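Quick heads-up: the structure tokens below are two forms of one chain, split into structure 1 and structure 2.
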Structure 1
């Protein structure tokens, strides 16, 4: 039983350009680790290395603390969905999936997998007629086919309709509950914050910040309550709340925010919007802003 995969000190150059600089990533069974970062941060390069598609200049990888010789050996423990998956365009979705299942020696039922990702109606359609979102779902189906303990998913929500995205987030959450370790990269910070356990924030090929979402949830962050009309919140009942910029705000943990909200609703004051910033979100915006300014 493999409980943990650790990749450490990953360095990568393309020509003279440094792509990854001493990057460390780990995946634990039964958890979701999110890799986030703006474009060009090195997320996809990290995933390509973890898939054995690109050999890093240096770096180690281990399973349960035992070093592996090559990153490609991770394929024995991980299923992958790499960014914008492509399939054999001249074959149908189900034919593609069946061929891949056979190649992996998987006994999974292709029809069931397509049903799981909502593609059963388009199963016999040639992939050349698939939209980006449909290819993404087919990519997820092939990643779920192998019963490996870890899932490595690069931008799995790209091109998905909102309702499908919600289903996929639920699916990832269910897989985590079943004990799978999941590494996922995404731009959807709010969504991933809801289901992820750990995060790695990359910027320009370096690990900028790592942390636990649980810690993030317990941390006090700025919470904003927006009301359509001017709401009068008595200071003695809501200590610390300040009226600023058309909303009431204060530093609070998730639990404190929930209690405040319940209190407001009990008083008949229902905000039309509640916002809670997070360290991850703030840092992401900070580096995204820096990247934008440096263009």
Structure 2
């Protein structure tokens, strides 16, 4: 059984342009690894290499420490959702899925897969009438059909309504709990930081920062609360909270932040905005700011 996949020293050029520079990525069974970064950071290129669709200039890949000859061999262990999936528009969602299952020889139940991704009620609707988010969910159902131990998902939350996005995040968490190793990319931190175990922050084709999301959750960072009216927060009830600039703020872990917010709401003090800094958030905003200034 494969418990870990490691891709290392990935380099890629398109013409004279350096796309990826010595990128390392690993996926472990029962965990979610998030590749995050602004648009153009190299996330999709990395995923195409892991799917065997693009050949890197150099790089190695291994399973449980045993080197593979080609990145395409990862298809024996991974299922993929790469950007916007494509379907037969004139067929319904369930007919598209059943066709795939028949072609791949899978014994998976199409109705169960559609139920899993929240498309059971739209199963008989033609895909040409699906929204972008519905197509994303149908693509995830396809990826789950062959029940490989690893999932590689490139921007799976594109086009999803907030409610559906929450359902998809819960589904990924449940799959992780069942033992699947998941690699997922996004350019929106809030999409994944609640359920990911590890992260890789890319910037201009390089690994800018890696770390444990659990450490980020437990680490005490600055949390800020904004109120529409000037809220009166008694110091004896909210020790450590200070009013600076136009918001209340203090150093707190994620758990402490949640408890503080619950206490505020219980007293009828509901902030319209809550923001918590973290090393990942700060570094992400740093590179996003640099990218914006370079335009």
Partner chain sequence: MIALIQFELKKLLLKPRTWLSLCLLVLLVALIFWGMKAQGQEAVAYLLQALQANFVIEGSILNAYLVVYLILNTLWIHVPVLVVIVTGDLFSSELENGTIRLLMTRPVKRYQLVLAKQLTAVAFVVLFLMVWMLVTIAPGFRLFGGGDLVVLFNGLQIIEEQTLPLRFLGAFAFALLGMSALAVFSVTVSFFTRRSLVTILITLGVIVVSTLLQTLAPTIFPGWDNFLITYHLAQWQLFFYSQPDYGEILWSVGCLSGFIALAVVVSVIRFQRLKITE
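Definition used throughout: the rigid core is the maximal C-alpha set that superposes within 1.5 Å between two forms. Numbering follows the first chain given and starts at 1. Nothing here was measured: the structure is a model prediction, and the numbers come from that model.
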| property | result |
| --- | --- |
| Matching structure (the form predicted on its own), either 1 or 2 | 2 |
| CA of residue 178, rigid core aligned, shift of 2 Å or more between structures 1 and 2 | no |
| Residue 104 C-alpha moves between structures 1 and 2 by 2 Å or more, core aligned | yes |
| Residue 14 C-alpha shift between structures 1 and 2 of 2 Å or more, rigid core reference | no |
| Per-residue Cα shift, residue 268, between structures 1 and 2 [Å; core superposed] | 8.1 |
| Residue 91: CA movement between structures 1 and 2 [superposed on rigid core, Å] | 2.9 |
